[in-house]
Ligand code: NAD
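Just one chain is shown here, as structure tokens, and it is the form predicted alone.
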Amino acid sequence: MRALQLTGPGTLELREIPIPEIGPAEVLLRVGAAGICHSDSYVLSLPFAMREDPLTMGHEIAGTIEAVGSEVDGLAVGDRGIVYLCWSCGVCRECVRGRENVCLAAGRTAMPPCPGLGPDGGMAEYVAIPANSFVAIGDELDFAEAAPLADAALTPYHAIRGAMDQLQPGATAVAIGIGGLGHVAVQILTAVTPARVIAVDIAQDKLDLAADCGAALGILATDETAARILERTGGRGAEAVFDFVGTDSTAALAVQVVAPDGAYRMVGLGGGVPGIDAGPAGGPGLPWGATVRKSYAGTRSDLAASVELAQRGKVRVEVERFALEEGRTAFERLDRGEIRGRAVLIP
């Protein structure tokens, strides 16, 4: 089969490799589509190899079951679904509580194995996955639009669910960065909360996308952005701020505009430092009562809820399709900020 593999630091190759064999608790998925995420770009940019042998990339995967392991119940050849990206142990106290994304087996990093970031992923014609990571999508969802739900919907849904206490009638939510995750976050916020949504981005076309997704207001990122958000919120700030970029500038903006007792959720992987200190609240610093949380992925139930929103037409991922052999081009366009929504590879 063909697979898009990381063969060395910064080296992406389309290679012919054997179709993977499956274990008794696994299924073989014929890949229908695989999304490209900024975390994939991050892995591609690392100056060291993720592992000794080539790694098939891709953690946003949709497809059809081609074969079922001998110990798998409840799944059959021909079933359509997407892959839950946290391959957790399933038996620890966190997994039993439905908090698979902080599985105890993953240690202090709390990052369970993820396809394309350790195990082989889905930028290929086939992928072997744990049977318990398969989430059915039925017949109504297109694979190209369903695949990004595995992260581009799962991750913002989890972050938003963790801030629901702040997202009451009259509240304002700010979404910073209207890319693959951000444009879906705007839709989720609109679908499951009564909050007014303000979108922030450096590009007008991304703000236009946010408006299409239900944002009440779009603000270009400038030195005046914080002042404009505070003006629109009576000087108090937004009850919830979701940063899908995570650079120094966006982290600082989030601290400046989150309201007292508000929620600041760090989602983007830009390595930004928000500059929080233990001094008195006031000025540009974090106000009293505001919480800061680094939000990683989500639970399996978060993914099921995201799929349901998509099936009901409440969430639709904006996608641009590429053939598998166009993978390098897709990565380059993503890195240049030229993708509207999500880039998706079709094997």
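Residues carry their position along the shown sequence, with the first being 1. Small disclaimer: the values here were computed from a predicted structure and weren't measured.
Missing here is the form predicted in complex with this ligand; even so, the following discussion is about that form.
Although the partner is absent here, L189 is not a contact residue: none of its heavy atoms lies within 4.5 angstroms of this ligand in the predicted bound form. With a 4.5 Å cutoff on heavy atoms, H38 counts as touching this ligand in the predicted bound form.
Within 4.5 Å of any heavy atom of this ligand in the predicted bound form lies no heavy atom of D120. For the chain shown alone, P112 is not a contact residue for this ligand in the predicted bound form, no non-hydrogen atom being within 4.5 angstroms. Comment: this ligand is not present in this chain, but in the predicted bound form one of G237, G268, P130, P274 has a heavy atom within 4.5 Å of it, namely G268. Here is the short version: of L334, I19, L12, L324, the single residue with a heavy atom within 4.5 Å of this ligand in the predicted bound form is L334.
The chain is drawn here without this ligand; in the predicted bound form, the stretch among 196-204, 130-138, 210-218, 162-170 whose residues come within 4.5 Å of it by any heavy atom is 196-204. For the marked spot (G177, T250 and Y296), a heavy atom within 4.5 Å of this ligand in the predicted bound form is present in each of the three residues.
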